[in-house]
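First comes one chain, alone, set out as structure tokens in the form predicted on its own.
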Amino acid sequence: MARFLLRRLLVALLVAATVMTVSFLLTRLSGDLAISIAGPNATQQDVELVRRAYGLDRPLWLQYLDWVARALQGDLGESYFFKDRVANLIAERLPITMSLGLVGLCIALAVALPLGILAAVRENTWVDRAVMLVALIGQAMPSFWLGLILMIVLGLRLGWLPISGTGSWQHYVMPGIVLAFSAIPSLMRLTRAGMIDALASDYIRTARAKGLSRLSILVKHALRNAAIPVVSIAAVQLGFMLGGSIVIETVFALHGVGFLAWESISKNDFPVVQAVVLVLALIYVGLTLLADLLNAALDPRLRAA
């Protein structure tokens, strides 16, 4: 197991280094940063002053190494637009994004697990096909479109939920549903496949022969083994949700890290864009490692490796 986790750690470090490099290069390839900082009405002399002040006149490789060295020390730079430390901006907005991701994951599990179990119990029936149809619709539906529909129906017409802001837990319900909708199909399919395999195993037949109740067999025996891959994938799905929160936060005006990224892109605030990409990538890598750790701890084959 230690060898497996070491390999996964090395891959995670490689992914983090790649994300740092790509995010740095993309911001440089998008245009002259000095012109973006100086503004459209700046003279050539102003642009040159900005270029020297921010070190943009140095070779690209030297700028990259300087940024990496500062990032490793926790210094993500200063925002051009907000005039504040980037680390402070992210620390202020990250709890909103994390709360949204956790709400979305809880909703996704609350929907995917029962439907996956139901589809497995009623395999190859109309119930199974209906559940798979729901999974197909969830995978194909654009998140921003679903968000707008929920805002119109639940927010404006029925008035059940607020359509924007972060004042209470109710503000997270609609964006949480939208965020969960993209994760439900994969979790549902994985639960269904795991339950079908578990229900066809020898220990389930033994439990039935002992006269155990159907509910006990499903929950205590079949689901316990089928949930092993689901737990691992749920951690990865949380990383996907956090990374895809930029659209949801923009639609519902949630001032989290995703909304901060959108604001920074529109204002050409490249230090914030680089830092947001890096932080979300590191969170995703950390959650992937957590999923591998859970998988290794729960899977006896990996424990023996």
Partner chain sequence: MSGAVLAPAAARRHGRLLRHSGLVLGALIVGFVALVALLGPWLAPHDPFAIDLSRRLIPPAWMEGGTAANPLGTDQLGRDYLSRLIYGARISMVIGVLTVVTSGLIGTTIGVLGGYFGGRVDDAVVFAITARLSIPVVLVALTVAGLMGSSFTLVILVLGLLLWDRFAVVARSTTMQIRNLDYVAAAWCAGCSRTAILLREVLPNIASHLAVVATLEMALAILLEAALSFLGLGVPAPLPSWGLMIAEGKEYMFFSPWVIMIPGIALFVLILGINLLGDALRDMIGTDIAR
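All values derive from a computational prediction rather than experimental measurement. Numbering follows the first chain given and starts at 1.
There is another form of this protein, the form predicted together with its partner chain, and it is not shown here; the text below is about that form.
Three-residue candidate spot Gln73, Leu161 and Val173; no residue lies within 4.5 angstroms of its partner chain in the model of the complex by any non-hydrogen atom. The contact residue chosen from Gln139, Ser216, Asn88, Asn225 relative to its partner chain in the model of the complex is Gln139, the criterion being a non-hydrogen atom within 4.5 angstroms.
Only one of 217-225, 107-115, 146-154, 165-173 places residue heavy atoms within 4.5 angstroms of its partner chain in the model of the complex, namely 146-154.
By the criterion of a heavy atom within 4.5 Å, Pro271 is excluded from the residues contacting its partner chain in the model of the complex. Contact check for Phe240: a non-hydrogen atom falls within 4.5 Å of its partner chain in the model of the complex. For Ile246, a non-hydrogen atom is located within 4.5 Å of its partner chain in the model of the complex, even though that partner is not displayed. Mapping the unseen interface onto this chain, Leu56 falls outside it, with no heavy atom inside 4.5 Å of its partner chain in the model of the complex. Taking a 4.5 Å heavy atom cutoff to its partner chain in the model of the complex, the contacting residues in 182-197 are Arg189, Ala193.
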